[in-house]
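Have a look below at one chain only, the form predicted alone, in structure tokens format.
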Amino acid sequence: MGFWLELAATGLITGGIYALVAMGLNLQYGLMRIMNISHGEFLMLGAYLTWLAHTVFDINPVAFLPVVAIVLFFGGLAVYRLCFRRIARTSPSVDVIEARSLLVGFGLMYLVQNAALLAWGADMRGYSYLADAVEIGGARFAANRLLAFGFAIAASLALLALLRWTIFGKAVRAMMQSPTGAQLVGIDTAVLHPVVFGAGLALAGMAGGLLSMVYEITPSMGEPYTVTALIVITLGGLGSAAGCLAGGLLLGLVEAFGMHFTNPSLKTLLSYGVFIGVLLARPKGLFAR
């Protein structure tokens, strides 16, 4: 029983991180149709900032996460202004926004990756933080993994509450449902778009900080998480934050049990298999309404 609990918990822990990463990208894509394929690179920057703060300045990684979120938020404002604002304003249709932002995102991805390579090199970096095992119900987990899962779920639920019960959240949901209608009732897209873009990168940065407590980090670590975020968005439904949370946890469980019953090297195959299956069966996502 302890083994099955450990396997399920491993999947949920991984899925919690997936959900947090995907929520940030879903905000950007669901609201503005900006396909920011460089999203994972900002996760990587968050991981390196947390590693740097802990190893150089001996700052607690958990205490540093709000700082990472603030830095990435203001970085997101700058990235939106420099790279995506003109695309959003001048593109004649949603399809053109997606195509142009995809091309810009690829360029930005390699730019950030190579900047990280110049700054920190290609070697793997890491540190030990709460690596001791904790036993729960006969299963053993590293304390840092449990902490990362708890923080990821708490941040995801906080975002859901923000979108559900605040004026800002209602404005975001209105823009996702009907951009024209939202503008007609006075919602200012010139303010909302950069703020939401910055919030998406802030979530990615926090996810990177959590990952740095568990895994070793490299400048190329972000790209797989971008792909995973797109799979989670497909599972949960475009624009659905709750669907992202459920989709991330579901994908984590599928990977954990799938690798146990098949082969650990088939992780990517399992993810893409789920992705293709959902696209064929429910193109709008498992949890779309």
Partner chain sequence: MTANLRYTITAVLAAGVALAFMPWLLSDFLLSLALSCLMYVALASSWSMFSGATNYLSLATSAFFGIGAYVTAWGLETLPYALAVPLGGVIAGAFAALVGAAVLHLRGAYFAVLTFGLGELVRHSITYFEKTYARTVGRVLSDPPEAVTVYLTVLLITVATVATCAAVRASRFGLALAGVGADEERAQTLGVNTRRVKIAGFALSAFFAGALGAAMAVRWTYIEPMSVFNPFIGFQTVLIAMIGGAQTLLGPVVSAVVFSLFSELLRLQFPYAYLMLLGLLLIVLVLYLPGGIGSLFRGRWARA
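Everything numeric here is computed off the predicted structure, so don't read it as measured data. Numbering follows the first chain given and starts at 1.
We do not show the form predicted together with the partner chain, though everything after this point is about it.
If the cut-off is 4.5 angstroms on heavy atoms, which of these, L52, L230, V67, V62, is the one near the partner chain in the predicted complex? None of the others qualify; the residue that does is L230.
Of A158, I136, V191, L82, which residue is found within 4.5 angstroms of the partner chain in the predicted complex when only non-hydrogen atoms are counted? None of the others qualify; the residue that does is L82.
Y48 within 4.5 Å of the partner chain in the predicted complex, heavy atoms: No, Y48 stays farther than 4.5 Å from the partner chain in the predicted complex.
Indicate whether the partner chain has at least one heavy atom within 4.5 Å of a heavy atom of L266 in the predicted complex. Although the partner chain is absent here, L266 would touch it in the predicted complex, with heavy atoms inside 4.5 Å.
Just checking whether S240 would be counted as a contact of the partner chain in the predicted complex - the rule being heavy atoms within 4.5 angstroms. No, S240 stays farther than 4.5 Å from the partner chain in the predicted complex.
Contact with the partner chain in the predicted complex for R100, defined as at least one heavy atom pair within 4.5 Å: yes or no? Yes.
One stretch from 114 to 122, 193 to 201, 175 to 183, 161 to 169 that, in the predicted complex, holds residues within 4.5 Å of the partner chain by heavy atom: Heavy-atom contact with the partner occurs in 114 to 122.
Sequence-ordered residues of 47 to 78 touching the partner chain in the predicted complex, heavy atom within 4.5 Å: Nothing in the stretch sits within 4.5 Å of the partner.
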